[in-house]
Structures are given as structure tokens and as C-alpha cells.
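The data below hold one chain only, encoded as C-alpha cells and taken in the form predicted on its own.
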Amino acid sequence: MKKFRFTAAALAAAAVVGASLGAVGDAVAQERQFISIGTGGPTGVYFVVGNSVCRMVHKEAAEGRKKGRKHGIRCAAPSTGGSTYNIGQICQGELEFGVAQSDWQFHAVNGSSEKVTNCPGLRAVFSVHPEPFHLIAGDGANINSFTDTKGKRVNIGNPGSGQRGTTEVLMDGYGMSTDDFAVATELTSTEQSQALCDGKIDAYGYTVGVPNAGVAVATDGCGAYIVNLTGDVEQKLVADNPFYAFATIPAGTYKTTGEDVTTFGVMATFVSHENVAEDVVYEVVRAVMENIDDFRSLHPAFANLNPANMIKDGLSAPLHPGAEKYYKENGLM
């Protein structure tokens, strides 16, 4: 059975990562190039991924030093709507890179879901961390399976987010619609935990790396808990789709996680477009891979990243030629 497990090393307190947006110095040999990376909500791991990539790119830049890559790249990673939004903006040429769930990468390339832009030009760059789907229920909500959300107030996520898409996949699998909920809200990942603690909703679905500060707001702050999702629908999703696997959220991850929680999940992937210049993608990949130890230190979810796995796990789009060039030069392919 396909399964992700998060090790103890990945369960340390979440590191705070600032967006490193220092300018490339005047000594660069090439004309400056500006790239934008689509991320997610500011409390989510996608935001950390994008800004960590920017940090590595700027670390590699010459910036007036004698040593460094004179690539002239300046990088920004703003908060966005999430996976499907990022893919749509990449395909429209508004973003050069983005973070997206592995399932939406698959559907975008193959045109197999109306929930994401059909984008045959989408290209894989590397994968990052596993992301289990969390069904988080409020203290006393009496929710122990996905079908128990019927008649409850449920946040299905903002349009354009991966969590919204995955929640809808589960709803389809169980033959449910928003009419089955007492209320279906469209709060962002930044808003949902506080809404749960304030008693405005009973539960929400969230696809995110482990651990997550936003989840801790609900679990550690007001006694919310994560529901096991191992029913027939989840079993079929994992069996039928290469981009899903079962995941374990270990006991002790959060205050209310007294036992291991089993659910299904995806991979967070870093993607681009075939129209983005090969040398730009090459430099971004090089910056991350040449500084992988520093990258791992920027969030507990990155602790066990392995380049050999990052170039294949969860990647269903063709590799961008710039990424493939780096991997072949360095014996990874």
C-alpha cells in the first residue's frame, strides 16, 4: 500500500521563514530577470516553499561578491489562492513558477478535471513534501468520518485552492454536495482555524504539510481534532490514482493527536511552463539543489527531502528542459 509517514525530525516547531527579497547586485553579468512564484495562504507551507526557493536563488546570486552566480534573477513569492490558481496563472503567463498539489498537476496536464485549467504546457520542476488531507473537526462536533459532516457547518475552502478541489473530490466520491451541509463556507486557509475556534464552523478540510501552524491554531488552541479517513471511498481514490497515497500523522504532532491519524494525501510539487526560459529554470533548480541542507532547515516538513526522490515523486507532467539539464549534469538522471 502506498503510504507516506512523517518522521520525528519533521515534527519540530515550525521555523519562521522570511521572504528574502534582496536585490541582485550591480555586478551581474546578465540583464536582471524578475520571476514570481505562486504559493498559498501566508500560514501554509506553500508560502514557505516559494519564499525558501527565492531565498536560495538570492543566496546564489553574486550580489557584489567575488563568488556567486551572475544570473541576474530577482525573485518574489507572494501569497496566492493556492494550487489550481497557481496553475491557471502559470498557464496564462502571469507567474513563472508555482506550488501545486500533485493531483492538480496531473489533471492540468491531462485535461482530466474541470476543476483546474487544462494546461498541456505545464512542466514539472521538482516535488517537495507530502501533504495529507486533514479533516479537522471542532471539539464536541461528533465527526468521526467524512459522512459525519452531513448537516454540519463545513468550510470547503476558497475557490482556486487545492483544499477546495480535494474536498470536492471527496464530496463526489461520497455522493454529496454542498446541500448536505448546514452551511458551506469558502474561507481561506488563514481564516478557517479561527472560525472553527470561534464556533462559526464545525469542520474544515485542509491539504497541507506536517506540522502546520494554522492547524495548530485549531488543535492546540481550542481542542479541535483530525479525523481518520480510511473508508471505501478513500481506499478507492488511492487504488485508482497514482498521485494519492495514504499518509500517517503521528501521535504527538498536535496536542489532540493522541494516536496516529491515517488519511490520504498528495505531494506538494514545484511547477513551471514550457515557455519559461531554460536557463531561468536551470538556475532556480541549481540554487535549491546546491543548497539543499539550508533548504531543509527552513521548515520541519522539508527535513527529509532527498533530491533523488524530488525529481520523480508526484511528478506527472514532463520535466522542464532546464530542470532535466541540471539533473543530468549532476548524475541524478
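A quick note: this is a predicted structure, and the numbers were derived from the prediction, not measured. All residue numbers refer to positions in the sequence shown, first residue = 1.
One more form of this protein exists, namely the form predicted in complex with glutamic acid (GLU); it is left out here, but the text below deals with it.
**Student:** Which one of 163, 149, 105, 155 is close to glutamic acid (GLU) in the predicted complex, taking close to mean a heavy atom within 4.5 Å?
**Tutor:** Answer to the contact question: 163.
**Student:** Which of 81, 130, 138, 214 has a heavy atom within 4.5 Å of glutamic acid (GLU) in the predicted complex?
**Tutor:** Looking at the other structure, the residue within range turns out to be 81.
**Student:** From the candidate stretches 272-280, 53-61, 35-43, 289-297, select the single one in contact with glutamic acid (GLU) in the predicted complex, where contact means a heavy atom within 4.5 Å.
**Tutor:** Looking at the partner contacts, the answer comes out as 35-43.
**Student:** Any chance residue 73 has a heavy atom within 4.5 Å of glutamic acid (GLU) in the predicted complex?
**Tutor:** It does not: once glutamic acid (GLU) is placed as it appears in the predicted complex, residue 73 has no heavy atom within 4.5 Å of it.
**Student:** Do residue 247 and glutamic acid (GLU) come within 4.5 Å of each other in the predicted complex, heavy atoms counted?
**Tutor:** Residue 247: no contact with glutamic acid (GLU) in the predicted complex.
**Student:** Classify residue 97 as contacting or not contacting glutamic acid (GLU) in the predicted complex by the rule of any non-hydrogen atom within 4.5 angstroms, answering yes or no.
**Tutor:** Outside the cut-off, so no.
**Student:** So in the predicted complex, does any heavy atom of residue 201 sit within 4.5 Å of glutamic acid (GLU)?
**Tutor:** No.
**Student:** Can you tell me which residues in 195-220 come within 4.5 angstroms of glutamic acid (GLU) in the predicted complex, by heavy atoms?
**Tutor:** Contacting residues: 206, 207, 208.
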